[in-house]
Structure formats: C-alpha cells, structure tokens
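Take a look at this one chain, the form predicted alone, written out in structure tokens.
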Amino acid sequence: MGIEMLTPSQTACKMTAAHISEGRVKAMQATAGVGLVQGPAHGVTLSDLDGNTYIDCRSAGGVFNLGHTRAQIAEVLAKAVQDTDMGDWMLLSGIRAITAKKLASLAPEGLDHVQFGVTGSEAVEVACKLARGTTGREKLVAMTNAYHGFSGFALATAPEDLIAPYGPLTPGIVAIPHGDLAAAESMIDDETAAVLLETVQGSGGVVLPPEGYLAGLRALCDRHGALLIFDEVQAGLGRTGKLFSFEHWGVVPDMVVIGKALGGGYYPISACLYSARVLDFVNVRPLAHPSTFSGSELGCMVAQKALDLLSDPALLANVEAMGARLARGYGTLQAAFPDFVLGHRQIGLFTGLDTPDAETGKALRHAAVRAGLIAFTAPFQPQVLQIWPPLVITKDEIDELLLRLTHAVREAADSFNDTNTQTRANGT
C-alpha cells in the first residue's frame, strides 16, 4: 500500500479538521471550491500553501485596505515593541490620547471623542451601550440584512436564520427594511435610544442608501431625541473614496464605528467615535466599557500610521480612479455576458457583481478562485460576487483582475449553457 502524499494545504486542512473543526474545512471547501489555506501575502496578492497566487478581492472585509504586509506598518510595529507593550488599559496613556486626537481631527466636526475596542463587533457593543446609557431608553432600531458582528447587541441584529440556534438574545432590538424611510418613520419614536445601520451594507451585497435616506434618518432621530449610529467597519477608512463613507451624503452621525483597516493589516483595533451628548454620560461613567486590550499602546501606534496612510489624498484619489476603471470593465463584461452578469453595484472600491441567482453566484465564485481571485459572494445576497481589492491596487493590477474575472465569467457561463443544453436534450 502506497504512502499517502499530501500537499501543504491538504495537511493544514487535515490538522484544522482534527483540532479546530471539520465543519470549518467543509465550509471553506463549499465557499471556495477548494480547501483554501492562506500562505505568504504582499500588496494585493496572496498565495496559498501550495504556491498558487491570487489577487485578493476580499481584503478580509477591509482589514487589508492598505494591502498585505505593508512595510510602513511593519516598521512601526517592529520599532514599537522595543519600547512598549500592550500597556495597562486602566492607566492613562499618552499614546492612546494622541491616537484619539488624530481620529477626532480626521473625523467631521462633532465626533470628537473616542472609545477604543479590539474588534468591530466590540465597537458596536460600545455604541449600543452608550446609546442606552445616554438616552435612558432601551429600543434600538436596526436594518434587515445587516451585519454588525456576532456578539451581544451585534448578534441580535443579524438575520433570523443566523441567530436561531442561540436562544434568547439582547431584547429591545427591532429591524426595519433598509432604505425604507416610511418604515423608519413608523418605528422611530420617543422610546428609541438609537438607530444603527451600516452606511453602505457590505455583507448585504454592497447596498447603498437611497437618495435622502440618511438625511431622513438624521431628521427622525433629531425629532425624537434618538442617536444615529453608523457602522463603517467595512465601508469606512477609504473603501468608498472618502475616509468616512458617510461624507458622501453630508450626514454626520452621533456615533460612528470603525475597525478592520485601522490596524493596518497587523493589529486588531477598533474605535467608536462619539459626540458631546454621549460624552456627558461617559463623564459620569468613565469605566462604562472596561476592556483589557482596548486602546493598547501597540495597537494605537499602528493605528496612527495606518490613519496617516489611509487619509492620504493620493490614496483616496486612487480609490476613485481604480473604481472607475473597474466599472468600465464591469460594463464590458455585462455587454459580453448579458444573461450572466446583470449589472454591478459600487461606490469606490466597494463593489459587487450581480448574477441571476444564488446558484449562478456560487458557480462564479468557484470559477473566480480557479482563475486566481479571492472573491466570495455576499452572505446575505449570494447572487452578488463581492470584489473589494486593497485600496493600493494599480492600473495594471486592475486590468489583471478584470482579465481573470473575464475568464471566470466565461467558464461559469459556458458551464451553465452546457448544463441547460443537456437538460433540453434530455427533455427535462
């Protein structure tokens, strides 16, 4: 009997199944069509352990807005660990204060105060807690097909099929259809603590707010004394061509949640920026959110450099230019495959390709991986292929991305056409 020879990726999958979860491996195989195991990564490219190279069109939901293994971030972290460490969250920190000042200086006027966290989900928890504490109210209004994380308040806002196994969740949270201002007007009242929404829905399929929607929510919150919270963990920090995506609509929230890209691809850190109204409550309860690793000194030093790079006008201009280049390519694809590519949804480099249904989306997702793209479908709209490359992507890399995407679309479309032809030939 021969000895079983496994590739490095197969070996990693086998160990993952044995010591983490077999279901986790099966889920990745179902998502990517293979047991995709990440290896070295640089810039916009990522290799698997078997040496196959991909253009990263996921960016881990925005973690790698600055690209993989960004040298300037690595240098800051390497130098920082020589003189400092996590720090003690209980003690005051000059490094933390400098980082909070930098964030406030980059945000629109009014968002002058910061509570740091570790994950986006934690920052959402902070926002919801502070909203209830500030207003003395319980009711939180969220949106359908929203993704805010998988803990506490955030979990309670998720779609029903995702939260069903976990029993009773945080009470007082109601969901309304995203973009429906009439539904918002009927639900937001004098008992509402806050309205929580992603400025642009990511996992919901790159869903932009309809014209006037954010301004309408702002007016409703002001009328009823409720707080407006924008979640920009995915949509923020340059992804849409502005540092904060809500700047496109000229509406300033009472709180905004950011994360992912704030750590420059190297360090987990998030933040909730909030207004003076919320500060009144925080001053009374300054330890409303004790969190051991929040605002760590290492994380804050990384975040300072990440913010310098993410707010660079040249980077934001690149997002607009490369987004326009992608859009032209999408138009060409739609013209060539009108029954397969129905259109696209986009703001900056926050993009999604529309296909007819979930099965078509799955076929395109698998074909994209085979063509050398890490591009997955939207969890809550699986007919939409999400394409969110690092913001540092170049013209040549955009063109290569589009070339690979064209191969993937052609392969998936041909496969569907062959299947349909065979079905008709069989008389079914």
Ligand SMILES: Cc1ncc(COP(=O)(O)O)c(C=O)c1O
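From 1 onward, residues are counted along the sequence shown. From a predicted model like this one, the values you see are computed outputs, not experimental measurements.
If you look for the form predicted together with the named molecule, you will not find it shown, but the lines that follow are about it.
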Is G149 close enough to touch the named molecule in the predicted complex, meaning at least one heavy atom pair within 4.5 Å?
yes
Using the partner position in the predicted complex, report whether T134 sits within 4.5 Å of the named molecule, counting heavy atoms only.
no
Proximity of T351 to the named molecule in the predicted complex, heavy atoms at 4.5 Å
no
So in the predicted complex, is the named molecule close enough to P253 to count as touching (4.5 Å, heavy atoms)?
no
Given a 4.5 Å cut-off on heavy atoms, tell me which of 205-213, 230-238, 354-362, 292-300 is the interface stretch with the named molecule in the predicted complex.
230-238
Name the residue from S93, T119, S275, Q346 that puts a heavy atom within 4.5 Å of the named molecule in the predicted complex.
T119
Let me know the one among K305, K260, K242, R218 whose heavy atoms come within 4.5 Å of the named molecule in the predicted complex, would you?
K260
